[in-house]
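In structure tokens, the next block holds one chain alone, the form predicted on its own.
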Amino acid sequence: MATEVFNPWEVKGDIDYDKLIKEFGVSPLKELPDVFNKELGYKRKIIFAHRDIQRVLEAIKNKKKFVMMTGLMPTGKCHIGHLMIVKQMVFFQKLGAKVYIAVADLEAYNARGQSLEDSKKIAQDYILNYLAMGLDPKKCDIYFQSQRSNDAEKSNAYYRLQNLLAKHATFNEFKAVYGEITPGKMLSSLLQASDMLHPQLKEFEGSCPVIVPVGIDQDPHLRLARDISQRIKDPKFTQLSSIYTLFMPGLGGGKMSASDPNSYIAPTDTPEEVKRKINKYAFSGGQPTIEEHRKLGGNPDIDVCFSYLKMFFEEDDKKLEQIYKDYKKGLMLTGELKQYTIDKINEFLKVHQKKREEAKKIVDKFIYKA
């Protein structure tokens, strides 16, 4: 049996979301305003839990200032699993949020030994995809942890906050939240806390609600930042809010891994690569033979292609429901489901890749010059 590993730096084995909800103390998402229920991630329960989302909903309702804070780990290629979070950035931006995006190049250096220069190159590809997904560059602040801002006042405030946070954390607390811990990981987690909290400093947006969209493996970072922030009296922080997204499965099942090209579809994949990856690697819920499949039906709940359609590529609820029923009854074969998924992915990527090319004209403004 494979060893289960679950922490912000590595995830292996099966993921029991119900268990994690109880263990981490997050709340299942229930009633939301109508605008949320029209968005694929919420109506299909792909975004499944939250902490303190109410204060963000109130800011949206009253047209008050709020921030969506997120980050990217530039240690592997951007894949379609990452684009699910980008969808949330665009969604909240349209609801009035200013989006802050931290490129975690110092965390990549401290926790994974990757050079800052390599992180810069990888981050450029991520940012291209973010812009291609519709992120409004006028309403976002994309920065590198190693180079917060050319504005000395802003940069000083950001790094000063990391050191202020250090005073309010204990080693035992780090051990309780993370288990195994190193000085590099401690520094990384304090800098992540600074990432999440610094939009509320007077040098940035001032006190306001901040929502952080994360995979639940990143929740330890959030818990630490929430706990420490409430011990600081000056500045006074509004408690962080968060939402939690299901992991998009890798092609072979399990969590998608940016370090394994055969586990994901990349936004730069050609139509031929998409076809090869889906046909060769996508885990199927079908039966071993056509005869058995026609007789017994398939299992869409474990089929990776169906998951991709549900989580990202099939917007039409009625069409998705029909595919689910037909596959389960054996009316739709595995090959047919795979081909439909290949067509939907390539349809999306054709448009996305054209927008990526357009985004190349402005991407340089987000990459710091050494």
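Note that residue numbering begins at 1 and tracks the sequence as displayed. Bear in mind that the values here come from a model prediction, so they are computed numbers and not experimental data.
Quick note: we don't show the form predicted in complex with ligand TRP, though the next part is all about it.
Engineer: Select, from the options 134-142, 101-109, 281-289, 175-183, the stretch whose residues sit within 4.5 angstroms of ligand TRP in the predicted bound form by heavy atom distance.
Structural biologist: Comparing against ligand TRP in the predicted bound form, the contact stretch is 101-109.
Engineer: I have L251, S307 and T341 flagged as a candidate spot, so tell me whether each of them has a non-hydrogen atom within 4.5 Å of ligand TRP in the predicted bound form.
Structural biologist: Not one of the three qualifies.
Engineer: Just checking whether L72 would be counted as a contact of ligand TRP in the predicted bound form - the rule being heavy atoms within 4.5 angstroms.
Structural biologist: Answer yes; at least one heavy atom of L72 falls within 4.5 Å of ligand TRP in the predicted bound form.
Engineer: Test of understanding: in the predicted bound form, would A225 fall inside 4.5 Å of ligand TRP by heavy atoms?
Structural biologist: Taking the distances in the predicted bound form, the answer for A225 is no, it never comes within 4.5 Å of ligand TRP.
Engineer: State yes or no: in the predicted bound form, is some non-hydrogen atom of S229 no more than 4.5 angstroms from a non-hydrogen atom of ligand TRP?
Structural biologist: Taking the distances in the predicted bound form, the answer for S229 is no, it never comes within 4.5 Å of ligand TRP.
Engineer: Does at least one non-hydrogen atom of V212 fall within 4.5 angstroms of ligand TRP in the predicted bound form?
Structural biologist: Because a heavy atom of V212 falls inside 4.5 Å of ligand TRP in the predicted bound form, the answer is yes.
Engineer: Consider the chain as shown here, without its partner, and state which of Q200, S242, Q192, N129 has a heavy atom within 4.5 Å of ligand TRP in the predicted bound form.
Structural biologist: Contact with ligand TRP in the predicted bound form is made by Q192 alone.
Engineer: Taking 4.5 Å between heavy atoms as the contact cutoff, choose which of Q114, T238, S155, Q218 touches ligand TRP in the predicted bound form.
Structural biologist: Spelling it out, the residue with a heavy atom inside the cut-off is Q218.
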